[in-house]
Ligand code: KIV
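We begin with a single chain expressed as structure tokens, specifically the form predicted on its own.
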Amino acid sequence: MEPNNAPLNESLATNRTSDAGAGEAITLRTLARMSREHKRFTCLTCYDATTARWLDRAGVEVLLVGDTAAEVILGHTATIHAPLDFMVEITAAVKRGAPRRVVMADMPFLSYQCEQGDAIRNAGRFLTQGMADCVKLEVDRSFAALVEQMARAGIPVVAHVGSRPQQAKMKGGYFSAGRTAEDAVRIVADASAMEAAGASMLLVEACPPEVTQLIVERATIPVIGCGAGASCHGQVVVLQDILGLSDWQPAFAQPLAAVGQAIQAGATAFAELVRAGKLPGKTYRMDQAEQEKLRAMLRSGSDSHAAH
């Protein structure tokens, strides 16, 4: 690990990565075993290697490279604006930051809804270029054939049912799901169809706990909840929400830290030092002998030759 007081006059090529990957490796098999043993696991969104390293140290088992990156990283107002190439790139970054954690790649809008062949190739990119352990698709039972083909190709699929943010424009905004008996039956059937098609895990978003409980009772694969009650084997929220970085967050993801305020305070303190003409930390130094040599060179005019 790079020491906090590392001298500033050392090589600029100092490696900023450290002990990411220490400890037991987590795999999809690990999560399946935990769910059978009624042990809960954690999932948080992540979009870069540095944050992945810290989440690894915190013991978070699953890192979701979510299409919420369109909102919290790129500044868009909806998840549908996450570019495919961008998502593949940051997925690889997260895996490099936490190589021994399960990294779940969120397949962005229109990367899997059009042609089945394109969907499989795009999913394959996440596993090869992005080094993901699995891909997540927002689906209902009409996607069963696609999920089956992906499973046949060796692509682990996390089937995201319930509220599906990529369909927000159809509803005029983000919405919960499963609040009527008819809708609940549909979602339970969607989950069962996805497992039958070969999905490796399920993710249930924004559903009443009663509906999620029915899914968990019927499932033989891990179920991750997102604002869907406590019965799931795992839970996921957007990292920025629980760190206090969001100006607004859903009711099921309340801040557990005040990182936003800490960033603001740190930046304010740095700005005050700069405006006062002060430099925080150490500066690079030149030996006295080299300083004298420099002055001699300047007096003789040899500096102009050195510049060329």
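In this text the structure is predicted, and so the values were computed from the model without any measurement. Numbers follow the displayed sequence, beginning with 1.
One more form of this protein exists, namely the form predicted together with the named molecule; it is left out here, but the text below deals with it.
S.K.: Can we say D133, M201 and P222 each have a non-hydrogen atom within 4.5 Å of the named molecule in the predicted bound form?
M.R.: No: no residue has a heavy atom within 4.5 Å of the partner.
S.K.: Is there a non-hydrogen atom of E205 within 4.5 angstroms of a non-hydrogen atom of the named molecule in the predicted bound form?
M.R.: Because a heavy atom of E205 falls inside 4.5 Å of the named molecule in the predicted bound form, the answer is yes.
S.K.: Please tell me whether any heavy atom belonging to L64 falls inside 4.5 Å of a heavy atom of the named molecule, as the geometry stands in the predicted bound form.
M.R.: Although the named molecule is absent here, L64 would touch it in the predicted bound form, with heavy atoms inside 4.5 Å.
S.K.: If we define contact as a non-hydrogen atom of the residue within 4.5 angstroms of the partner, is R101 a contact of the named molecule in the predicted bound form?
M.R.: Residue-level check for R101: no, no contact with the named molecule.
S.K.: With a cut-off of 4.5 Å between heavy atoms, is K95 one of the residues that contacts the named molecule in the predicted bound form?
M.R.: K95: no, not in contact with the named molecule in the predicted bound form.
S.K.: Pick from V236, A123, V211, C232: which residue has any heavy atom within 4.5 angstroms of the named molecule in the predicted bound form?
M.R.: The residue from V236, A123, V211, C232 that makes the contact is V236.
S.K.: Using a 4.5 Å heavy atom cut-off, which of 236-244, 253-261, 268-276, 34-42 contacts the named molecule in the predicted bound form?
M.R.: Of the stretches listed, the one contacting the partner is 236-244.
S.K.: Select from 154-173 the residues with a non-hydrogen atom within 4.5 Å of the named molecule in the predicted bound form and write them out in sequence order.
M.R.: Going through 154-173 in order - heavy atoms within 4.5 Å of the named molecule in the predicted bound form - there is one hit, H160.
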